[in-house]
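Presented below, as structure tokens, is a lone chain in the form predicted alone.
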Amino acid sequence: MNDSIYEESTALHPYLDTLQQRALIVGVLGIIATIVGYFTAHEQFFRSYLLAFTFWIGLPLGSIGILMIHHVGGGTWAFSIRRLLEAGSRTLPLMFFLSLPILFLGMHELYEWTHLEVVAHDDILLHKAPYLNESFFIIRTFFYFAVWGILAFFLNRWSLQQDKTTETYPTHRLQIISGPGIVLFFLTVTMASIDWLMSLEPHWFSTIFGVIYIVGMGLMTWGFMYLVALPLSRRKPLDWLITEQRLRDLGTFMLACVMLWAYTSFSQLLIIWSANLPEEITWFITRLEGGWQYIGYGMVLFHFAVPFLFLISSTMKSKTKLLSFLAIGLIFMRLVDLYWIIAPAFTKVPAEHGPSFHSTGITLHWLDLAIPIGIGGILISLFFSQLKKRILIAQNDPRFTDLFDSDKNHG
């Protein structure tokens, strides 16, 4: 292990302590508001809680996915933020703990297929009952977290072993687990998105929904990593590693996710709209009336058009302040997107004519912001706590050692 890198990483602890404490204060205030909301707005509480949970789990899962892509494909873009991604992956246990209120307190409040009297009079729900039932839902969620936890555990364990030896076996192990791990990751996250989000309206289905959710998690993770990497790029030991070019690379990956999100989302709309099947198109009908359509227009503008116009330019990507604002905006738009997916499921009522349901109108509760702020503060505080536990530059990776020795010497 490089002693100077260890000392420089340790010297950053006071700065990271400050960020951790600030995030914790914000998180505690949000959690206090969350507890108040549980007792004063019980019906709304779990809807907002699901929004916050499905939003923030994007950080550990996005970190795991990007880490595995890095180990399979290599690339200096991820090596420069590898410790940040590993710290993000180690926040997964907190999200598992935060899933328990949904599983054991809120399931009946959120999912109509948990109401036996509703299922008994619905042929579609009866047909789906072997899959959509409370016991199997809990088992699947535990299985998802077990898979993700195993991947995160070995990605972090073998990375730490790599720091301690010049042998190549830790690197080979990281590559070996990441190949099939990516496949398993995409399958389990797709199934989780179906369970947690799509089953809010169990008559509706989309074969591309899981991909849209995964791309959104990737976008959130890239944005978060940029916001953390930018100030660290001005401090040792990362000042020579996180260069302007590598910061632009992070902007390029944000652009890729913005474009892929837009492509998959539009493809979903186009296919469902052209098919014009009641069980599918109703999902969009309820989100394109009653005020919800303006949120949809806002996402077209601020989740795609504006970021695309700025991120497509290399000159714009070199402006760190502008890119920071874009990263913050895109993270916020991820929350808006999930809100647009979740909230209308609870505002639809049967229609007398036309589609089966229509929306009663847009609603926004203070818990829709309080709970994400509370969970986010705690999660970010844990992130910085984990970031301090290891040196900030991975050691002994045979693919990059010579390259970064050269980089540092020229720096």
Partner chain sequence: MSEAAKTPYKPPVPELGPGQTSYTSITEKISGIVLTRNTPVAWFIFFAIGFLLLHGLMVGVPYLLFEGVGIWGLNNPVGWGWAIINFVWWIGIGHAGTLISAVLLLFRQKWRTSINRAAEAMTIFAVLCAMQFPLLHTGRPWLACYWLLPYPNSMDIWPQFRSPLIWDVFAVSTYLTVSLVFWFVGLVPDFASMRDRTKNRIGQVIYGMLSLGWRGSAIHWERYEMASLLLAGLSTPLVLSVHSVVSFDFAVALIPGWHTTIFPPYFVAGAIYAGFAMVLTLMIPMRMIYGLEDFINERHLNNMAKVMLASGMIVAYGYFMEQLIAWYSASTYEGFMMQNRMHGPYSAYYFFLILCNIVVPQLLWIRYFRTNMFWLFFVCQFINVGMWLERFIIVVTSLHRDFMPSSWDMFHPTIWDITIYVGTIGLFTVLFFLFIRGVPMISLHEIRTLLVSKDHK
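Positions refer to the first chain, counted from 1. Only a predicted model underlies this, so the values are computations on that prediction, with no experimental measurement involved.
Keep in mind the form predicted together with its partner chain is missing from the figure; the text below concerns it.
If you check its partner chain in the model of the complex, you find no heavy atom from any of Phe39, Met95 and Ile139 within 4.5 Å. Comment: 128-136 is the region of 297-305, 104-112, 219-227, 128-136 lying near its partner chain in the model of the complex, near meaning a non-hydrogen atom within 4.5 Å.
Just one of Leu335, Leu255, Ile194, Ile285 comes within 4.5 Å of its partner chain in the model of the complex, counting any heavy atom, and that one is Ile194. Exactly one listed residue, out of Gly290, Gly329, Pro202, Pro237, brings a non-hydrogen atom to within 4.5 Å of its partner chain in the model of the complex: Pro202. Ser233 falls outside the set of residues with a heavy atom inside 4.5 Å of its partner chain in the model of the complex.
In the model of the complex, at least one heavy atom of Ile271 sits within 4.5 Å of a heavy atom of its partner chain.
In the model of the complex, its partner chain sits within 4.5 Å of a heavy atom belonging to Asp249. Its partner chain in the model of the complex is not approached by Thr315, whose heavy atoms all lie more than 4.5 angstroms from it. Residues Thr168, Tyr169, Thr171, His172, Arg173, Gln175, Gly179 are the ones in 157-179 with at least one heavy atom within 4.5 Å of its partner chain in the model of the complex, listed in sequence order.
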